[in-house]
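Consider the single chain below, provided in structure tokens and representing the form predicted alone.
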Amino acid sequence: MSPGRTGTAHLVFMAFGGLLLLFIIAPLAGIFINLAPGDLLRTAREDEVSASIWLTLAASMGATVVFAVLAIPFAWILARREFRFKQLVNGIVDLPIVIPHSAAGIALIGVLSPDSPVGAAAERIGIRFAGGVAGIMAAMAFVSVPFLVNAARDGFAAVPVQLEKAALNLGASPLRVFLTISVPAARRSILSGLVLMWARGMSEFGAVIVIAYHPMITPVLLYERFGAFGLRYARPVTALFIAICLLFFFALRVLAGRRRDAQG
């Protein structure tokens, strides 16, 4: 391809990219542009709004931490071991991404309701899924854990097997090799998966509303305010939640960049 044609193709691709970025940015910017002065501050002072935002952040973080204990070792198995029906297992991991999330909530409530064996056993030890924070965390984890498993699996697959074998030959236990070699070497992919899981959990609505309408996370609060009062009352909460999410992710980006610079 000639230089002139290459330049033209690049301009076309950049134009496509600009349209895509505009499609993402314009609705978000419109939320803040249409806010009346003082609406954001007044909304932030509402107890119901602040409680829902903190619940959303904490529940998603809790779900991420709890299920990371299961997901990260399992991702290593998927990256390192060959076994029968491995492709089927990989497909099962991705199922929550494919099925409608309201259907996921209905499926979960069938397993976690007080009438089910799991729900009844949990209630005997003080854990309530239906209408409880544990149910919110379970719904968030169900729809978001594939992002962590897939990211961690790709990270482990990129780690040279020779590093792990050398450590095993020197007498290190498999657990020590996993914790001191495999996980640190795949840390960027694991961190990316953790952030994606946390972010996806925060945005979940369909599965959560089936299991726990109350206590109310922010996506459910937005749904209630929009349905009851319209766009005018839902917009300030939306803007505040987006601003907080952007603040957290900007902070994570800065910390990740500093860590890369320190290691480089």
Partner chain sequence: MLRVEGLGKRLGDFEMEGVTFEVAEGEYFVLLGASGTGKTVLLETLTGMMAADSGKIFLGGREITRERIQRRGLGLVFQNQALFPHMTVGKNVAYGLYGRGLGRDRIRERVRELAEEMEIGALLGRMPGTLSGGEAQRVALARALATGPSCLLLDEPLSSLDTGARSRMRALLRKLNRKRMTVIHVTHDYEEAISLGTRMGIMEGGRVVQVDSPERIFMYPRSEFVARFTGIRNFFRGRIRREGAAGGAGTSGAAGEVVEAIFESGPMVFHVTTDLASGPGTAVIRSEDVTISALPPQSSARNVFEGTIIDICRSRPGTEIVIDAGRELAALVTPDSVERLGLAVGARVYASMKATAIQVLEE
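Since the structure is predicted, the reported quantities are computational estimates derived from the model, not experimental observations. Residue numbers count along the first chain shown, from 1.
One more form of this protein, predicted in complex with the partner chain, exists but is not displayed; see below.
Checking I106, L168, A157, I127 for any heavy atom within 4.5 Å of the partner chain in the predicted complex turns up a single hit: L168. Checking A120, A172, I77, I97 against the partner chain in the predicted complex, a heavy atom within 4.5 Å turns up for just one residue: A172.
Partner proximity in the predicted complex, defined as non-hydrogen atoms within 4.5 angstroms of the partner chain, places exactly one of 181-189, 83-91, 112-120, 144-152 at the interface: 181-189. Contact check for L194: every heavy atom lies farther than 4.5 Å from the partner chain in the predicted complex. Taking the partner from elsewhere, V177 is found to have a heavy atom lying within 4.5 Å of the partner chain in the predicted complex. Contact annotation for 150-165: residues with any non-hydrogen atom within 4.5 angstroms of the partner chain in the predicted complex are Q162, L163, K165, listed in sequence order.
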